[in-house]
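Given next, in structure tokens, is a single chain: the form predicted alone.
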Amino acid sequence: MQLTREEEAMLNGKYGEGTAFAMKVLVAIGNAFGAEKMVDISRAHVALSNQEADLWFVERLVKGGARCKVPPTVNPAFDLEYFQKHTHLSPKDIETIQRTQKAYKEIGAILTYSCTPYLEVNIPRFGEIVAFSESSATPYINSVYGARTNREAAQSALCSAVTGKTPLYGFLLDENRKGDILVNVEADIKDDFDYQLLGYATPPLAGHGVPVFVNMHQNITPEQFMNLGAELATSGSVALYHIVGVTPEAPSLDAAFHGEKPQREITITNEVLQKVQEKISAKPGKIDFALFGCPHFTIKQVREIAEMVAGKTLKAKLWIMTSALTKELAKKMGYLEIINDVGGDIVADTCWDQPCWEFLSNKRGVTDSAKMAFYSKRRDMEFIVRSVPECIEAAIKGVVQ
């Protein structure tokens, strides 16, 4: 790679061992992908995992004196105070979260602890070059905003935050942002849940590449974009998609494909979506809990649940995971009180893929999130996957019929 004098100085240790290590990682990535040079970034998001390898990496950078040149937002860990009060945490889990929080604070991250910072505090402009990890964030950044990021690992995004640099390759280049696969949507896409199923269904049929959706309605909400991208990334590692007439780089079919023909074409029908739901969902029956917020719920989604449960009695415990900002809004607007009154709760700063939820092992839940159901395969839990209204009905009755 062709490095500037400043980049060579970082690599050679002028700014400390930690910065040198971060630049070494980025150079290795750039060489692996054939990048000719580095470019500046203006934003970053680090999908911290609160797990041993991630913690080892950030602590190594901190011990080497590294500090973030571009302060990144960070993914969920968990609210230690809440889970110590309501569940049993092992001493190891407590130590790990405390060390994680300490390390990311010292390195200069913005401690948002949210998987949806792109809706609140870390919103790029069209064409802006950034370094985002996190499965729902990357497709949202690339597709909805038209900013540019590769599908970063937590570690590579953190290295970019430290150095302010990223290798120029992949989705940062015009030629790699064109569509490859034409996706004819013949299914009835009506609500947020349909976007979950559409996103999960597409990659196994489409294969690797950039999908271009046609026959979609024009008034897609942020929640629907979020659901679509999260599931595309879960079942197929998709970092960029286009919706003709909706997303900024696809004003027309010709623009989406950069004037070329699609490599292949698929069709998504109602039958396809039904089969996907059956595949990812456990069989109907009794449930122990309802869990939402993978990705984190917005204030709109919290309000909708509050309206559904108001004055009701729940037979299954209900949790909503969201950002601290959204939880504070829910408190101010009375939604938290409504949900608490029926036996539910809103939990900030956490993710389903965290050890704080291990107390639900060997139990059965209901959720609207295909991504959450996918994560549960790593644990002794199972989810029935339904739309939010169906999940709330199940929480009230204690059963999915």
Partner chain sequence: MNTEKVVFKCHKIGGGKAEGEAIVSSDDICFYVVDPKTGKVIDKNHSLQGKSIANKVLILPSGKGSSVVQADGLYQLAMNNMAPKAMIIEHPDTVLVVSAIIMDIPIVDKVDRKFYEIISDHDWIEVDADNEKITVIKRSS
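Since we're looking at a predicted model, the values are computed, not measured. Residue numbers count along the first chain shown, from 1.
We do not show the form predicted together with the partner chain, though everything after this point is about it.
Undergrad: Sort through 360 to 368, 44 to 52, 336 to 344, 65 to 73 and report the only stretch with a non-hydrogen atom within 4.5 Å of the partner chain in the predicted complex.
TA: The contacting stretch is 44 to 52.
Undergrad: So in the predicted complex, does residue 154 come within 4.5 Å of the partner chain, heavy atom to heavy atom?
TA: Contact check for residue 154: yes, within 4.5 Å of the partner chain in the predicted complex.
Undergrad: Taking the partner chain as it sits in the predicted complex, is residue 60 near enough to touch it, meaning that at least one heavy atom pair lies within 4.5 angstroms?
TA: Answer yes; at least one heavy atom of residue 60 falls within 4.5 Å of the partner chain in the predicted complex.
Undergrad: Hey, in the predicted complex, is residue 24 touching the partner chain, heavy atoms inside 4.5 Å?
TA: Although the partner chain is absent here, residue 24 would touch it in the predicted complex, with heavy atoms inside 4.5 Å.
Undergrad: Quick one: is residue 39 in contact with the partner chain in the predicted complex, heavy atoms, 4.5 Å cut-off?
TA: Contact check for residue 39: no, nothing within 4.5 Å of the partner chain in the predicted complex.
Undergrad: Please identify the residue among 163, 247, 202, 133 with any heavy atom within 4.5 Å of the partner chain in the predicted complex.
TA: It is 133.
Undergrad: Taking 4.5 Å between heavy atoms as the contact cutoff, choose which of 289, 257, 169, 83 touches the partner chain in the predicted complex.
TA: By the 4.5 Å heavy-atom cutoff, the listed residue in contact is 169.
Undergrad: Would you mind checking 27 to 52 for residues with a heavy atom within 4.5 Å of the partner chain in the predicted complex?
TA: Result: 28, 29, 31, 32, 33, 47, 49, 51, 52.
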